[in-house]
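To begin, one chain is listed below as structure tokens, in the form predicted on its own.
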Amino acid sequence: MADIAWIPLIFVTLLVIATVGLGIWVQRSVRSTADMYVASRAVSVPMNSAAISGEYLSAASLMGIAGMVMKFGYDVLWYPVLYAAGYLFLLLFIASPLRRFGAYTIPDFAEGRYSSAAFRKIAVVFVLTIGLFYTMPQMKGAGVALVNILHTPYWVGVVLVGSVITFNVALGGMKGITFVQAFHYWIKMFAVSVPMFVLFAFVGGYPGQMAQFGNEGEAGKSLPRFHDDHQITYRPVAPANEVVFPDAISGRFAGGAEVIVTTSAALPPGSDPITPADLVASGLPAQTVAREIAGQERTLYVFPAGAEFTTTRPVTVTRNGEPVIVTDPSTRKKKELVVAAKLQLFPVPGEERVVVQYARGEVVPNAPADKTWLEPFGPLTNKYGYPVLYTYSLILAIICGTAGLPHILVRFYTNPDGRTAKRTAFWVLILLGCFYLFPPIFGVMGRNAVPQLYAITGGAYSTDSVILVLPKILNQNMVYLGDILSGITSAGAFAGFMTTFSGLLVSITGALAHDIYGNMLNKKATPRQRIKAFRTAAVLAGCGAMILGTFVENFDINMMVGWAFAIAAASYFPMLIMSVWWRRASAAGAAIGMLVGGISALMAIVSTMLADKQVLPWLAVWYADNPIYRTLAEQPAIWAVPLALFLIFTVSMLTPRGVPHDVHHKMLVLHAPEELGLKDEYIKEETAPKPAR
């Protein structure tokens, strides 16, 4: 009990109580299916702007961006910039036409635009795929937050937050979460800004923080060092148990460990061998053991309890005794190829984890040097040697993906008309821009103040927790001040993943209850049956999301969100943009383009996840030998989006009979001003009868 962070726990508890209370209060006014799906299309611009911003600012926006900026440096600034810029694209090309069509869900739009019931079924698949993929980083955020507050197992946070939000969505649907999401936006804005200004007052502003980094000569090679003695616990799960030592670093295995010693990158063919003795300067034991790791027979060095070790500085790779010269992919300059020591840690029999003790002043493992951290094409985009390709694909994924996220698009159906939908998108852009000023600064300050978070590459105590850990440094300046600020950021983090998860859950639930149950399984369902189906589907979808969330502890939050954007960019975006702006698009063309683009992107991303988790070790080896394919698989938008657009165009030209006969009227509905009176809601409101008294 002494380890529980009581003050952050109080803040989070108050937020949860307020969220549940608001949901119960709003539930009393829910009377119709329109309330559940589109909040009766009566949400005002200020309320909807705050609600959409609250829904969009997920765990990735708060915890993920701060964590990735700390981990990878300014290379990651693409994420906050593009998260906001993607909305500009949505504002200009999608928001108003989509609202004028008057559907409840994206599958509604797909069916109505092409007069094809089959198209609805295909669209439903991607609502579920994108929605469930996007729930995983929200669940990761919940698990990380609760681990840092209560020191509970990771899964407890996943189940707790998932249960609260599922309860709220099942009660109030879209109408219920609109109020909650608007409330949570302002909670997050307060949580990300106020602690930052207090930190500025005590430890210096942003210019002072940046001045501590070197960018030229030897200063650019500086690495973060531990400010105090630290004991780091590693779980034997890839990739969290892989530790790269960028300098000569000493440590001590408290309880012993079995260790694979290798290089940080694969050696080119024909290189002179680099042995474990070349990578560990002292402490390498004579005792070894052979074990099968990820399907391969590996030799592990057995370090007894209390054994000390020191790694070497990075080693120059040679061929026939001469340095191997490579071209830097970002600067195009020639340089010698160097590799660092990488230790893969496993507990000795009888232990569950590996504990390594580092002394104050030692360089922190896994941390990039200042110059690499500061400059473009850094550790994120350059990790496979194709930084330009990686960057352009990331840009395409986020810009197009924002216009293809079903839980964001469905919110524009809650506006009264197309004009208010466009005004809402404009104000969302302003609100998002204000928010995204702050998370990157947390990452900068984290590199200076809490560098120990670099020591683990994944899991609950990694850089993803920087906004929770950083404020606590102020406890040394004023008693409880750090805990109070940490409580505020913890409440903001909770608001982040609770709000986005609620929007995702409504989107998934709408697909299950409205598209599958109401339009496929039971078309004659009464309004009361539809509301009951909505609540049942919410519980099922919530349980599914919680189960998936328990499997992603070791993946970066922001990376998973980027993957969801890539799938949305390759599936919904091509279908929507062509359907809204090209009258000759046919049902077959739009369906095939969406299906092939989306599935291709999904398979590519899942393959990288299976390789990283060592589920398919042969694939990990193949990707290591073919880094360009690894880059294209991890960031598939650059080929999947053009592929989907090309298929829509080609197949539509080959199937002109698939163009609806009333396409001219539908294009007028999508684009003509409301004053012309062409607006006709595709889905008519159905009201459930009031219960008998």
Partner chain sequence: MGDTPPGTGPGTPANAGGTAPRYEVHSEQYLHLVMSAQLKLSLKCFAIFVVILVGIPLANFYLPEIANTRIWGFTLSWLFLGVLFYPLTWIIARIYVSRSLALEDEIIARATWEEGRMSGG
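Positions refer to the first chain, counted from 1. Owing to the predicted nature of the structure, the values given are computational and were not obtained by experimental measurement.
The form predicted together with the partner chain exists for this protein as well; it is not shown, and the discussion that follows is about that form.
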Does the partner chain come within 4.5 Å of a heavy atom in each of G21, Q296 and A611 in the predicted bound form? no
So which stretch, 417-425, 501-509, 303-311, 485-493, is the one near the partner chain in the predicted bound form (non-hydrogen atoms, 4.5 Å)? 417-425
Decide whether E242 counts as a contact residue for the partner chain in the predicted bound form under a heavy atom distance cut-off of 4.5 Å. no
Indicate whether V261 is a 4.5 Å heavy atom neighbour of the partner chain in the predicted bound form. no
Taking any heavy atom pair closer than or equal to 4.5 Å as contact, tell me whether W373 reaches the partner chain in the predicted bound form. yes
In the predicted bound form, does K523 have a heavy atom within 4.5 Å of the partner chain? no
Find the only residue in I648, A640, M63, V69 having a heavy atom within 4.5 Å of the partner chain in the predicted bound form. V69
Contact residue in the predicted bound form, chosen from M189, I395, V324, L150 - any heavy atom within 4.5 Å of the partner chain: I395
Taking only heavy atoms into account, state which residues of 202-234 are within 4.5 Å of the partner chain in the predicted bound form, ordered by sequence. Y206, P207, M210, A211, F213, G214, N215
